[in-house]
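Given next, in structure tokens, is a single chain: the form predicted alone.
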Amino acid sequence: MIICIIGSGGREHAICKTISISPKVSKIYCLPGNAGTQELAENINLDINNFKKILKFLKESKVDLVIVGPEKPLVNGIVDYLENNNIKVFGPRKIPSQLEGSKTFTKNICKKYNIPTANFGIFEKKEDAIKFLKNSKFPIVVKADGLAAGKGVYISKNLSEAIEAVNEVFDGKFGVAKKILVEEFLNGEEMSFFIVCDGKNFKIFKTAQDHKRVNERDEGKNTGGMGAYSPSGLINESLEIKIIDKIISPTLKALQEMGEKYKGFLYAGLMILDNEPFLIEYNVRMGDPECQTILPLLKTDLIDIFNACCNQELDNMNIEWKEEKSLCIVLCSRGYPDKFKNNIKINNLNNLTLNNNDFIFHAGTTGKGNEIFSNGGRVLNFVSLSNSFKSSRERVIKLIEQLNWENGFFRKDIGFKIIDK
């Protein structure tokens, strides 16, 4: 099969690496890809928001299957566009993608179908949001309604922080903001819960724990993700049943009643309080860096899973997993998530010796000749599998220190809640 992966981050490199070992794959294209994908695939420098140019390329290259990595093209309807032009594509269509594209879309589903979530208010005017905040308990959560690359969430400890958050969102920090969401702060533990769906049936696709804050001990600004581990230490049989019955199944039912089918990965960001799940948000694709953490644990051929989803045959599949623990640390550009410099050379990458349980997935990188340069805030993902999260973390830190990239920084405490208990 000829495969095309759309995207350029760590998630897309992880997908590329995982499908590259499938005997069913003869050629992979990445649009636009990065320095990591170019070692496994042919990178094509196309704008992923220009659907016409993408379609032309796919037809000329006789691509058999398209895998859409990031959220923006999904929310903008790339799956509808390609399917209407007879291209086989893995990912949800435009309306189901509003689960991520509009937080108010999701909250309204929660309200209608009694899905457990934080109490919330939706506001279209700055003044109304601030008036609501003046009568609220703190801490409180302020969210941009649309896509914000994982960063449009503020946990405000007091009124002045909350007002600053409202001003930033409405002043366009994350693009044009027509609505803002204010919700109560739930004091529990976070968990990422993944399923893969074919429009009729779904299978659980592992759990993970992401670390969003930039500094150790979950302090500082929100980021796209500083590291993750899988499986989550919170998951157990009774909690899994509650998540399916109270959150996943009602959501899929809601979409069905709108005349829609969900096909692709669905990621539920959850807060767990006393073994009870509350929905924080949905993502309509694999998380990043959770994808990089989860895929090395997969034993089943990922291409078989994608094909089963596109053909509505997922029910016949048994997805198998390795027993090991997986932990990922993200190496970032100094200054991230604020201002940072791009185009900084990364030496020593090819000198690192990886064993079968070590993985390096590129995110913000670009290749020029035989040299690799930084091209983003989150640059490289280091992943290790072992029998314990502690061993995995020690191994990853050792590899990052061996790389010794002077422009980089990382969190040394990924997994601290489960490792350092």
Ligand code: AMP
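The numbering used is simple: start at 1 and walk along the sequence shown. None of the values given here were measured: they were computed from a predicted structure.
The protein also exists as the form predicted in complex with adenosine monophosphate (AMP); that form is not presented, and the subsequent description refers to it.
Novice: For the spot marked by Ile195, Lys203 and Ala308, is every residue within 4.5 Å of adenosine monophosphate (AMP) in the model of the complex through some heavy atom?
Specialist: No, none of the three is in contact.
Novice: Within 4.5 Å of adenosine monophosphate (AMP) in the model of the complex, counting heavy atoms only, one of 91-99, 152-160, 239-247, 323-331 shows up; tell me which.
Specialist: Contact criterion met by 152-160 only.
Novice: Just one of Asp301, Glu183, Asp80, Glu168 has a heavy atom within 4.5 Å of adenosine monophosphate (AMP) in the model of the complex. Which one?
Specialist: Contact with adenosine monophosphate (AMP) in the model of the complex is made by Glu183 alone.
Novice: Could you spot which one of Leu234, Val75, Ile130, Ala118 gets a heavy atom to within 4.5 Å of adenosine monophosphate (AMP) in the model of the complex?
Specialist: Among Leu234, Val75, Ile130, Ala118, a heavy atom within 4.5 Å of adenosine monophosphate (AMP) in the model of the complex occurs only for Ala118.
Novice: Is Lys212 close enough to touch adenosine monophosphate (AMP) in the model of the complex, meaning at least one heavy atom pair within 4.5 Å?
Specialist: Looking in the model of the complex, residue contacts with adenosine monophosphate (AMP) include Lys212, since a heavy atom lies within 4.5 Å.
Novice: Just checking whether Leu266 would be counted as a contact of adenosine monophosphate (AMP) in the model of the complex - the rule being heavy atoms within 4.5 angstroms.
Specialist: Because no heavy atom of Leu266 falls inside 4.5 Å of adenosine monophosphate (AMP) in the model of the complex, the answer is no.
Novice: Glu260 near adenosine monophosphate (AMP) in the model of the complex, any heavy atom under 4.5 Å?
Specialist: Although adenosine monophosphate (AMP) is absent here, Glu260 would stay clear of it in the model of the complex, with no heavy atoms inside 4.5 Å.
Novice: Check Leu252 for me: does it contact adenosine monophosphate (AMP) in the model of the complex (non-hydrogen atoms, 4.5 angstroms)?
Specialist: Flag for Leu252 set to no.
Novice: Determine the residues of 275-299 with a heavy atom within 4.5 Å of adenosine monophosphate (AMP) in the model of the complex and present them in sequence order; the list may be empty.
Specialist: Counting only heavy atoms within 4.5 Å of adenosine monophosphate (AMP) in the model of the complex, the contacting residues of 275-299 are Ile280, Glu281.
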